[in-house]
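In the form predicted alone, a lone chain appears below as structure tokens.
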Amino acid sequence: MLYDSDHVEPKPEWQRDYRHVGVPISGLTVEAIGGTARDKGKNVYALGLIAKLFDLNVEKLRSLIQERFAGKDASVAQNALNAFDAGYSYSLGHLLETFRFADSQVRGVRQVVMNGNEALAYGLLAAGVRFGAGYPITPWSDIMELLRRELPKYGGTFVQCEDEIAAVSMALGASYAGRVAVTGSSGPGLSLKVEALGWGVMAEIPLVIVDVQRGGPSTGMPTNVEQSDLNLACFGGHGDSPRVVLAPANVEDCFYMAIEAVNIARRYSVPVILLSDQAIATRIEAFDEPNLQKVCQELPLDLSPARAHKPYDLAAPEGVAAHRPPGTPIVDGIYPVVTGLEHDEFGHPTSSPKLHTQMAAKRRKKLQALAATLPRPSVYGCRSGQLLLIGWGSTAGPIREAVDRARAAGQTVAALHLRHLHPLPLGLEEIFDAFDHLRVVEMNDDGVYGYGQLAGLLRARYRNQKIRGINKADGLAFKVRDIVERIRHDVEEAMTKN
């Protein structure tokens, strides 16, 4: 345990668990770079100490420091480098000889370290997205800034718009032009986007919308976590407007689910909402470096001539629209139209009751076809028993650890984490039937009827009254002990009733 001995004195009881090594970091930083910048320099000095202790790549760290301070005066970067070098040069005595790292059997595994917003943005780039539009809002803004910086490197464009409505409309226009585009926001921005989202559903335009959830409603708690946008994501808007809703479980999942969202949007010509949350957005995790040769894809425009073209063909397999980019030559000269009005197979507006019924069924049919392809999520823990915990989004880790503790205490508890929320994968009812009680762990209010938003969706889908909620809406993430205590309470209550 390295500590700044200028400001910290270890308590005697801590000595039982840790070997303490005191370094006068504050004073040594002043010696290295002077007194004016010591508060900012201490972290970089400590980085030098850690680099020496862990035998990190010094040249790479120095280049990262220079890159980090590149926009500031040259003296700022030089001070940071001086602090780093001083920390690296400090003698830790026999510490390096006393504690040695064991040889690892996984040294060949390359890992990357990033937060959820970064992983999601890089996933969109890997998926071939080359146009984005957005408006700043916490905690989505990091994704917007990264895309703004990185998209031009791949021939793409990101536009910061005047408001959320303009952002989703620009993204829909880019997708209509043949590119799968992205827009994003948090809950307040998604509320503003839903009217244009309805146009995207009616016109059957592929689009990815990122919603990094925060506390609500209204402007709510901008820097706190909540999972209260699910109903808005699944059903927000007027009329029947089916769309796809996905929710990554961790930082690594953000990368791969962004690619999946793009591919679903393209395959089914449908808007896809990617529900992240503030806890995943800012959480930093290490995961195995993706095989970029395998996962990266380009989405070239196909402008080859078509003899005839009905984008909304009612006989199309799975009800999927088949758009051709504007500018595609249509040999028979009958060019289609894209509109938010109800339309016939060529896109021409219609008020026909029969066609409206057929087109509504066609748009619904796509989601039913997608549901049949979704993998059934695996159960963590026992395959049957007293209690099944169901979660989504950033609750995955606390739920799993709570299950481990409950099972260690002799309880038959398991967990099921859902990543595909709308439509739901097939076969979940068979998993539910194997447990006496079902509890949905989610960060939103108990609701009028005593359960949260995913619990309500599952109760409506499966008509299963065993589904109840474990909810919290205080803007803070679940603690493992909170879930463990609720498990204990529910199991004991069930045993008493039996």
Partner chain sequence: MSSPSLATPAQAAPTAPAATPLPAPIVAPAEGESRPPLTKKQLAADHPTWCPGCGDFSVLALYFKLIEKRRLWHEKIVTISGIGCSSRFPYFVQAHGAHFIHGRALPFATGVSLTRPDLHVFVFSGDGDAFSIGGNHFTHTARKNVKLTFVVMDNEVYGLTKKQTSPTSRTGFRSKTDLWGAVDQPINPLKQALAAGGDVCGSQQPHQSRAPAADDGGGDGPRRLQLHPLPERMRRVLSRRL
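Numbering follows the first chain given and starts at 1. Remember, it's a predicted structure, so these values are computed and weren't measured experimentally.
There is also a form predicted together with its partner chain; it is not shown, and the following applies to it.
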Note: its partner chain not shown here; in the predicted bound form, the stretch from 347-355, 408-416, 225-233, 208-216 having heavy atoms within 4.5 Å of it is 347-355
Among Glu150, Tyr154 and Ala286, does every residue place a heavy atom within 4.5 Å of its partner chain in the predicted bound form?
no
In the predicted bound form, the residue from Leu314, Val113, Leu426, Ala177 with a non-hydrogen atom within 4.5 Å of its partner chain is Ala177
Answer key: of Leu125, Leu421, Ala249, Ile273, within 4.5 Å of its partner chain in the predicted bound form (heavy atoms) is Ala249
**Message:** Can you work out whether Ser169 and its partner chain are in contact in the predicted bound form, taking contact to mean some heavy atom pair no more than 4.5 Å apart?
**Reply:** yes
(message) Within 4.5 Å, heavy atoms only: does Gly327 come near its partner chain in the predicted bound form?
(response) yes
(message) in the predicted bound form, does Glu204 come within 4.5 Å of its partner chain, counting heavy atoms only?
(response) no
**Asked** Any chance Lys365 has a heavy atom within 4.5 Å of its partner chain in the predicted bound form?
**Response** no
Within 149-176, the residues having any heavy atom within 4.5 Å of its partner chain in the predicted bound form are Val159, Gln160, Cys161, Glu162, Asp163, Ile165, Ala166, Ser169, Met170, Leu172, Gly173, Ala174, Tyr176
